[in-house]
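Before any questions on how it binds or moves, here is one chain, the form predicted alone, in structure tokens.
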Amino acid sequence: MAIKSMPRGQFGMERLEVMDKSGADAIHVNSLYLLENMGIKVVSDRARALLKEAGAEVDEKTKICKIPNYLIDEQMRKCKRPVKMAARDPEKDFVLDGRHCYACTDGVGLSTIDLETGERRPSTKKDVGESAKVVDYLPMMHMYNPIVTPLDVPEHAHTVHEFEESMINCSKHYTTGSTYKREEAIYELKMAAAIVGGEKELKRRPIISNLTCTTSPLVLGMTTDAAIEFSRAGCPPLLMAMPLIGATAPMTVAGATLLGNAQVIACATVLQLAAPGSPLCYSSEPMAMDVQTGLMEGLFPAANMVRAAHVQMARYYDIPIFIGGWGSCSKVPDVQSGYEKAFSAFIAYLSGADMTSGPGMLENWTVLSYEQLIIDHEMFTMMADMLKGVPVNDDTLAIATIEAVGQEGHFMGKKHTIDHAREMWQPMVTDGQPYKNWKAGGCKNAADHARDKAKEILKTHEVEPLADDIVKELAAIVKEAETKIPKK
């Protein structure tokens, strides 16, 4: 099945902007100010060495690096569009060109709502494979990030187990969700190279990317070492800011946006020093404080506003952006999960995000629900259909057909209607039948229909298999990684 994408705004649709041009300028200028005068803590020895050699002021005792404005500006100009996201199946490649929108799952959940019992249980490697298989089937899910962390494999090597199981069960682009160590990155890249036919081919066809989390406030952790490996391999790191509004970031949207932006451009600077011109993406996953309880929630309006502001900053730098969305505080697929996910994701796309992540996850990206994965895909197909905009031309205006039908006629059966019928959005699980038929069919709700669809996919969908020798090679690499990746 060839990958499908939806052009966004090709007919002049305006993007949502939450700041004016002077606001975006202020975020950039003050990010430079913080990084040059206050500095950022850089845990990675390799990253500090790169910054020091390039002219940054580095305190090896505190690990604080003060990065000159000119250095950041120089390196940010090396970040380029478009960014290619290759897939195991070349027909499912896609390109982040700023004109299309895509969806991706999110990762590292520790629980799964069992598809048969409806009860929560610890996540397994089988869940990684089965959720990957569902994503492989869904035409508008464009890349796979393991939705859960398998708790039945060695903890220190879980990322290589995730990649192995994902590649066997999904032929789309893969992004890591929890690669923190350089050694993990090395083995993941070794596996990716084995699949595509070597390191040189991997650089030409990067089938894997890496979600690299920065730490708020103003820390680049050891994930930077893993990101350096990915950059040098030509596989794009997704540089994620995760400000907790009111906790690890200011309570204001502007302040949280500023802090996250500073961290992203500092990390981008390191990676461009490590591998000039290498592909990367801006990324953001803020959370906002519930001031009544002190809990952090990902779908409150302030968090959505920070996401939209970070989308605007990514466009300011003309680099792609991968936004966390599709999350929900809800514990089950219900009305709350529907409105939280739809609102946050659509705001991100209207702002101009290249990708959003999180379909299939509940309770702030910690729990996998197969039903929710299907429902989220349904919602995205609706959004993507609207984001195309409205083409206005002689054919779409249909003047001749209107005149031919006349007053009190109908358009059913007309050639123009038939020609355009396939362009209309069509549901996968949305129930549009009359009440009488719905009741006779068992009064199924959206989650019921989605559960049935997920079971059908797992039973009938066949993934393009990897060659037997590659499967064996991946297994051997995983076995080696279990002995070589540090346990702490």
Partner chain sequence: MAGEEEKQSIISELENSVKTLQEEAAIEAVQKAVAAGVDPVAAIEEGLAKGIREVGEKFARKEMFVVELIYAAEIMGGAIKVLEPELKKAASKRNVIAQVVIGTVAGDIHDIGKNLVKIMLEAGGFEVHDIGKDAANELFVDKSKEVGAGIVGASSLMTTTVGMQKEVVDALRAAGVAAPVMVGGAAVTEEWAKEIGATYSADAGTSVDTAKQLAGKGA
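Quick caveat, the model's predicted, so the values are computed rather than measured. Numbering follows the first chain given and starts at 1.
Omitted from view is the form predicted together with its partner chain, to which the following refers.
- Interface residue among Asp334, Glu199, Asp290, Asp97 relative to its partner chain in the predicted bound form, by the heavy atom within 4.5 Å criterion: Asp290.
- The contact residue chosen from Gly409, Gly294, Gly277, Gly413 relative to its partner chain in the predicted bound form is Gly294, the criterion being a non-hydrogen atom within 4.5 angstroms.
- Looking at Ala247, you'd find a heavy atom of it within 4.5 angstroms of its partner chain in the predicted bound form.
- Using a 4.5 angstroms threshold between heavy atoms, Asn169 stays clear of its partner chain in the predicted bound form.
- When contacts are judged by a 4.5 Å heavy atom cut-off, Glu91 does not count as touching its partner chain in the predicted bound form.
- Not displayed here, its partner chain is approached by Thr215 to within 4.5 Å at the level of heavy atoms in the predicted bound form.
- Here the chain stands alone, but in the predicted bound form its contact with its partner chain, taken as any heavy atom within 4.5 Å, falls in 282 to 290 among 135 to 143, 282 to 290, 373 to 381, 202 to 210.
- Residues are counted as partner-facing when one of their heavy atoms sits within 4.5 Å of its partner chain in the predicted bound form; in 456 to 488 only Lys488 qualifies.
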